[in-house]
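One chain comes next, on its own, written out as structure tokens in the form predicted alone.
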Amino acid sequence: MLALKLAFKNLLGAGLRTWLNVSILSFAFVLIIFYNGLLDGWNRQGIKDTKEWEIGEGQFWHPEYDELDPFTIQDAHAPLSEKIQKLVNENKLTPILISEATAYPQGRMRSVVLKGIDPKQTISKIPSAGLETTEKGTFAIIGKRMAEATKLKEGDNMLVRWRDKNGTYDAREIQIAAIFKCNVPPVDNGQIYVSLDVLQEMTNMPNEATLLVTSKDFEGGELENWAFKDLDFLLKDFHALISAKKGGASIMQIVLLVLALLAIFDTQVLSIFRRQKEIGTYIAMGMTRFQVVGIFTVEGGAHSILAAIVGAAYGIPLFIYLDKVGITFGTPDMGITISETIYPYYSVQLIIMSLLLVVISATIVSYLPARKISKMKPTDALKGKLQ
């Protein structure tokens, strides 16, 4: 308790030097929380968007289907059993049929993926209701990125050529019924959505699908001849991306923290050099060397406590503001799942871990120069002589 009182008294008595160190350390503290909160917010939003737009609560794949191997698509389809059809009717599953195709927007050739989806489904946020129409013709919906890449607008027509179940090529003109905006590139880039029954008829695959998307109401369990892919598997690439970003950010955070700790280290070295008589007086008064070392260690570590208080003074209002308005990046098109506006997420665990990191680091850095006190002779210290 005495060490703590003396430490804070000496810190406040040091004036500007103390507040400069505290300001630098508080900036590092706030920046660490801010950047990790930004990545955590991106992670939460990315997972939420991916689940809502693409993977649901998990998917059942045809055993031969591999999303990274387009050559598997031709044979990756199977009929829907009565059990599956019942789950579809209960809105617990939504089937999707996938077929490779070639599109000819405005006379240009582009490889695309045709996806058949039920217009009445509600599991995915894909606006498949736009495929319901009483007009004659084949209607499709595409994403904003796909529309920009092909220079298509609502109402435009486009020739599409595909290969059916037997390998026979066929072609048809489709009309763009709607263009939707999505933050998940795999749902948008190179994708054309048509009604499920239309694509089944086009590919000669009645009542067949390539994969099944599950809803929150799906109780779980296995489906015969279908391989279940859980969220860990489906989100593996996204988690790897966030981990890589955090790894790169940690280097910047370490450099910033080291610079702040270096200032505290230099301050402690200078303080011990200038206060040798004070140290000798403490020892002469009966304090053990361990107690004196403790005073200077606590004094250096107290910088982190003051830094946390100062950081909270301007960090909390900043974090509350960002939580309300978010951080807008415009319309990023980087091929990764990212929203135009990210809302940082500051968990209690993040704040506590960041605080412990700063406090422990500052205490260790303060202890290193304070060790010299244990080797000082009281008489030399009183005379102001270094050992």
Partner chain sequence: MKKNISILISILFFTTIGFAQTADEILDKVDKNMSAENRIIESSMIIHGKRNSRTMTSISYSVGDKQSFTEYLSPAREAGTKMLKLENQLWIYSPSTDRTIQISGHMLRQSVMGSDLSYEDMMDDRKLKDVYSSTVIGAEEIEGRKTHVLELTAKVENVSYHSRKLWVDADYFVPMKEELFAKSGQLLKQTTLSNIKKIEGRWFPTKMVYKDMLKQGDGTEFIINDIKFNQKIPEYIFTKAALKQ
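Please read these numbers as outputs of a predicted model, since none were measured by experiment. Numbering follows the first chain given and starts at 1.
Below, we turn to the form predicted in complex with the partner chain, even though it does not appear here.
From the list 177-185, 153-161, 219-227, 116-124, the contact stretch for the partner chain in the predicted bound form under a 4.5 Å heavy atom rule is 153-161. Of the listed positions (S81, Q74, S215, N189), a single one reaches within 4.5 angstroms of the partner chain by any non-hydrogen atom in the predicted bound form, namely Q74. The partner is absent here; in the predicted bound form, the one residue of L97, A308, M202, L234 having a heavy atom within 4.5 Å of the partner chain is M202. Taking the partner from elsewhere, N89 is found to have every heavy atom lying beyond 4.5 Å of the partner chain in the predicted bound form.
Not displayed here, the partner chain is approached by A171 to within 4.5 Å at the level of heavy atoms in the predicted bound form. For the chain shown alone, G167 is a contact residue for the partner chain in the predicted bound form, at least one non-hydrogen atom being within 4.5 angstroms. Contacts with the partner chain in the predicted bound form, taken as any heavy atom within 4.5 Å, map to no residue of 34-49.
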